[in-house]
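Coming up is one lone chain in structure tokens, specifically the form predicted alone.
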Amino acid sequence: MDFSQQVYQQNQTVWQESIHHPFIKKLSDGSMTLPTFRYYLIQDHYYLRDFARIHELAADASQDQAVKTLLQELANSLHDGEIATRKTFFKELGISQQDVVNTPIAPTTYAYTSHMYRTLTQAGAPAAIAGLLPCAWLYADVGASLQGVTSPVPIFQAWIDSYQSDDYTGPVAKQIKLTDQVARQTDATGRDAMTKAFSRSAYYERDFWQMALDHQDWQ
């Protein structure tokens, strides 16, 4: 069994909790408040900035040219895809740079991104690559789980649609394949580090939803 399928199966409890989280239900049925969605988008702005950067740093740290190239391609895809979509959402909701400044990075966002930086610096590029995968894969699964669902709030539906498009799912498939390739080239100790990185990221993905519903702060 490929590494990706092993860790995917090992983390199904938290994975399903993410897919069926009240945050996703509120998006799909339209009951989420716009202030909550705005808060989520700002925190996701912080997250995606570091997420893209870690792709670039992992590319720099990798010794494999093919891995370097694909990681940079995935980083570029983020800038052209999710990050660009967020800018559109910001414009539609009137979220300004000052709004971002006035909304500090939340504890869970900080912990999640710190985990990924720490993984890269302490366990190396293979573990970092595994730690990056849950975000991309989970959002694709959320999109798949909402096939046929139409949110009554257009911007919520636009969010859902963005994770069902081929432009999103295509790079996710490449990221899964990359993770398996790296796992095959890594020794047992390295694969253990990859497993831990994947599991911890999956844990933080679930908590990111709850953070948004709670409008989490440092108080």
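From 1 onward, residues are counted along the sequence shown. If you're wondering where the values come from, they're calculated on a predicted model, not measured in any experiment.
Keep in mind the form predicted in complex with a small molecule is missing from the figure; the text below concerns it.
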The small molecule in the predicted complex: contacting segment from 135-143, 67-75, 92-100, 117-125, heavy atom within 4.5 Å: 135-143
The small molecule: the contacting residue among Met32, Ala183, Leu48, Leu57 in the predicted complex [heavy atom, 4.5 Å]: Leu48
Contact of Phe198 with the small molecule in the predicted complex (heavy atom, 4.5 Å): no
Taking the small molecule as it sits in the predicted complex, is Phe37 near enough to touch it, meaning that at least one heavy atom pair lies within 4.5 angstroms? no
Give a yes/no on whether Phe156 approaches the small molecule to within 4.5 Å in the predicted complex, heavy atoms considered. no
Honest question, do Glu82, Arg86 and Glu205 all end up within 4.5 Å of the small molecule in the predicted complex by heavy atom distance? yes
